[in-house]
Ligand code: SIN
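First, one chain by itself in structure tokens, the form predicted on its own.
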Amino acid sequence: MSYLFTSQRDLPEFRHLEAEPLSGALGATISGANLADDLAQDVIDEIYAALLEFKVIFFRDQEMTDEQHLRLARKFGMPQGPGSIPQVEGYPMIRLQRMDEYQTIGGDVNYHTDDIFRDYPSRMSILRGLTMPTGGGNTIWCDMEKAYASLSKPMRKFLEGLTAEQTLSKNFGPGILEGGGARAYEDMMKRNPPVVHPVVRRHPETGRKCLYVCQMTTSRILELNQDESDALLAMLLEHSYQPEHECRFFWRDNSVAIWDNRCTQHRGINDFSPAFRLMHRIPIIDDRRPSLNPDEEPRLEYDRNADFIRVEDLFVNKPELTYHVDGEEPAQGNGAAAESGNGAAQPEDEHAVEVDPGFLNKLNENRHGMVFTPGAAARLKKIPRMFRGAAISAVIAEAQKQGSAEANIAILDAVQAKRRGG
């Protein structure tokens, strides 16, 4: 007896790579390429074809340097600068994702599309897992094309005419206000004003449509009243984040994930704190805004010979960008210096500050004999928890570089100056 169906999924054929699907929705583990090598263009083309097919692809046992990571990223396009995100020293286009007892995943536990709160979100990302916890810290990706396709036809038609506001204030606002105060919140919103994108977008290369709303930053659907918007968004998000639309990746040291940011969302699983986790990520810019008609969108103009593109260039109306250290107060005014009556900058008193004694004691435990001053601890405490661990590490590294046994405000100012390029 013969049957007309098969248990095998039709997979693309590759000359250099092998692909093993991770779920029925999206994701595949790829073998056959050493990403640390200077890969030939035909191998890069196959990797990109696998990305378009599976939407997120994974590689195991890929030990590489930061320079090799950057070389790989540039094969696919222009890297994006970090903005206020912590960065690897000497590599402002490599984002530092360091988790330890001082820092948690934070807002990333919500499903999100990277940089959706900018006019030009990133096209793709290359994430390296350098040091991963045992049995935790996995990441889930969601196929937003499948989420859209599994809606009823009348609902799909209704959604295609709608637009939604994307803003960091939805989830990050309360944390910024609590940690850094109103000034830090105001600065965050000046650098990242709300933007509007379609609720449904079309992929500019595959032509497939996907839902383009997310848990972390989508605040409302503009064509509806607030109650209607809240109800519709709740339904769409619950529908999207079903297991049938997802794949889950179990990280190990030297694993690499590459995902198409135009049609997926992801979230980190915070089940490993306070264990240590270290990852480096390079986002690649997209030169077209999200749209139902991407071919009609004007291309983003930028210097193609630059090392990376600045985040403020990813807005149509470029915001005024001020440089802080991961959410801390500015270097003048209430930050590293206070204005005296005659206008001269006076140094902060390291000890004339209110500080959380528990936080200060925690900083001073097992830190290679280094002592954090109350002033430094007070400023570090203002940094949102998602960035705090990386900031503390940068301060420790700078103090060690200067041969200082004390992590003080001057050390923090030196770190801040580096972030400004000073």
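Numbers follow the displayed sequence, beginning with 1. On a predicted model such as this, the values are computed, not experimentally measured, just so you know.
What comes next is about the form predicted together with the named molecule, which is not displayed.
Q: Given that the partner is absent here, does D114 sit within 4.5 Å of the named molecule in the predicted complex, heavy atoms only?
A: Looking in the predicted complex, residue contacts with the named molecule include D114, since a heavy atom lies within 4.5 Å.
Q: Even though the named molecule is not shown here, does I282 get within 4.5 Å of it in the predicted complex, heavy atoms only?
A: I282: no contact with the named molecule in the predicted complex.
Q: Do S240 and the named molecule share at least one heavy atom pair within 4.5 Å in the predicted complex?
A: Close contact is absent here: in the predicted complex, S240 is far from the named molecule, nothing within 4.5 Å, heavy atoms only.
Q: Using a 4.5 Å heavy atom cut-off, state whether N192 contacts the named molecule in the predicted complex.
A: Flag for N192 set to no.
Q: State yes only if every one of M144, C263 and R289 has a non-hydrogen atom within 4.5 Å of the named molecule in the predicted complex; otherwise state no.
A: Answer is no for this spot.
Q: Which among 227-235, 94-102, 294-302, 192-200 is in contact with the named molecule in the predicted complex, heavy atoms within 4.5 angstroms?
A: Contact criterion met by 94-102 only.
Q: Between R123, R277, R118, R128, only one gets a heavy atom within 4.5 angstroms of the named molecule in the predicted complex; which residue is that?
A: Looking at the other structure, the residue within range turns out to be R277.
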